[in-house]
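Shown here is one chain on its own, the form predicted alone, set out as structure tokens.
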């Protein structure tokens, strides 16, 4: 293991100040499920590790009918999975977070750390994106908000700037009836990263799609919104033919690579199938709410 200094600031202001003082050789640690592995592999060699563990009220999960859901970046996957407000108002998130790795990881990993890692194989980002999430990024001179779909830049790269800490995820109020689906295709093990991940939300009236969000993970250098595929269905009368076209269009928006989970061609074919299946599941859920 790399030798490093470890500090535990007791306020967000103190943590931001430490980042300003050590712009080139400091890393933030929250749950540590990713950072420690990277350090053991010597992919990262920080001289200073700044823990967010002792910052008060950093793992909140708060819901308001008018404002929506606000999640502190320090909230752990398991806390989000079990939160009553999440289960009641954002079942897509409940379904997603219960599928992340296994309980020991969910009890440690934080949602903020997951997003800041920028790993395109992880699940939470796609479902949060499908729910129009935005993130708050805080630094010593203030803060800014950014739509989550703009946060992911490239493979393991995000728009997080030097000195910034991701502090909150905000989701707008859930409008019902809302259809949703989360499909994590894992042919090897349920604890594995997805070969293909699909998160979808859908609003429809009288067989016509009013609005749709489709996000995909594990099939490109970043988690992504498949906007061309969304436009195939948005504002149109839903049919099996359009659902098939939407899946085929989504397959043109991805850029998968060959790996031990499957070939790029195989993943594109699975996108076609799973996007169509996700839309069908979302429509079934809408029918149950009416």
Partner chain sequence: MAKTETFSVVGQRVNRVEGYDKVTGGAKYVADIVLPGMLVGRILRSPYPHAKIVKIDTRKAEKLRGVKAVVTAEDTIKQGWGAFFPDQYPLSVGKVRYVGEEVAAVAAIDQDIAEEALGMIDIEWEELPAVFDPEQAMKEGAPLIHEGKERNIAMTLDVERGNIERAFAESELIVEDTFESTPQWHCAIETIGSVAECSPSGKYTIYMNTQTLFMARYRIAAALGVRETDVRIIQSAVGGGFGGKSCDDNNAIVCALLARKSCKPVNIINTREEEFLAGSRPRVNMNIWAKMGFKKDGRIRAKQLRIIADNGAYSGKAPAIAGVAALRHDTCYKYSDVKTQAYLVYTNKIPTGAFRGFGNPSAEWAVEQIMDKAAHNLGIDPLDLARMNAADPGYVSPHGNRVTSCELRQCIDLVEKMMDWKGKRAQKKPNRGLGLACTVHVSGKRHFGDYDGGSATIKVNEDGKALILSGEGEVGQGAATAMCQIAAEELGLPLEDVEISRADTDMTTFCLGAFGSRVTYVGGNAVKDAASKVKQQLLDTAAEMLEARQEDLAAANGKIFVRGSETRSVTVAQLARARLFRRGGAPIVASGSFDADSVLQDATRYGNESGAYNFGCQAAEVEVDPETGQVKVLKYVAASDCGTVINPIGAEGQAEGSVAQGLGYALIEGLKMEDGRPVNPNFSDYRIPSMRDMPPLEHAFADSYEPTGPFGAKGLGELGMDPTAAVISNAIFDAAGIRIKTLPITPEKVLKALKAVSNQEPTRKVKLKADG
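Bear in mind that the values here come from a model prediction, so they are computed numbers and not experimental data. Positions refer to the first chain, counted from 1.
Keep in mind that the form predicted together with its partner chain is missing from the display, and what follows is about it.
**Q** Can you pick out, from 159, 210, 154, 191, the residue that has a heavy atom within 4.5 Å of its partner chain in the predicted bound form?
**A** Of 159, 210, 154, 191, the residue with a heavy atom within 4.5 Å of its partner chain in the predicted bound form is 191.
**Q** Quick one: of 83, 178, 171, 101, which gets a non-hydrogen atom within 4.5 angstroms of its partner chain in the predicted bound form?
**A** Selected option: 101.
**Q** Among 259 to 267, 228 to 236, 26 to 34, 54 to 62, which stretch sits within 4.5 Å of its partner chain in the predicted bound form, heavy atoms only?
**A** In short, 259 to 267.
**Q** Using 4.5 Å between non-hydrogen atoms, is residue 273 touching its partner chain in the predicted bound form?
**A** So residue 273 counts as contacting its partner chain.
**Q** My question is simply whether residue 91 lines the interface with its partner chain in the predicted bound form - judged by any non-hydrogen atom within 4.5 Å.
**A** No, residue 91 stays farther than 4.5 Å from its partner chain in the predicted bound form.
**Q** Within a 4.5 Å heavy atom cut-off, is residue 186 in contact with its partner chain in the predicted bound form?
**A** Residue-level check for residue 186: yes, a contact with its partner chain.
**Q** How about residue 66: is it within 4.5 Å of its partner chain in the predicted bound form, going by heavy atoms?
**A** Residue 66 lies outside the contact set for its partner chain.
**Q** Determine the residues of 19 to 49 with a heavy atom within 4.5 Å of its partner chain in the predicted bound form and present them in sequence order; the list may be empty.
**A** Just 42.
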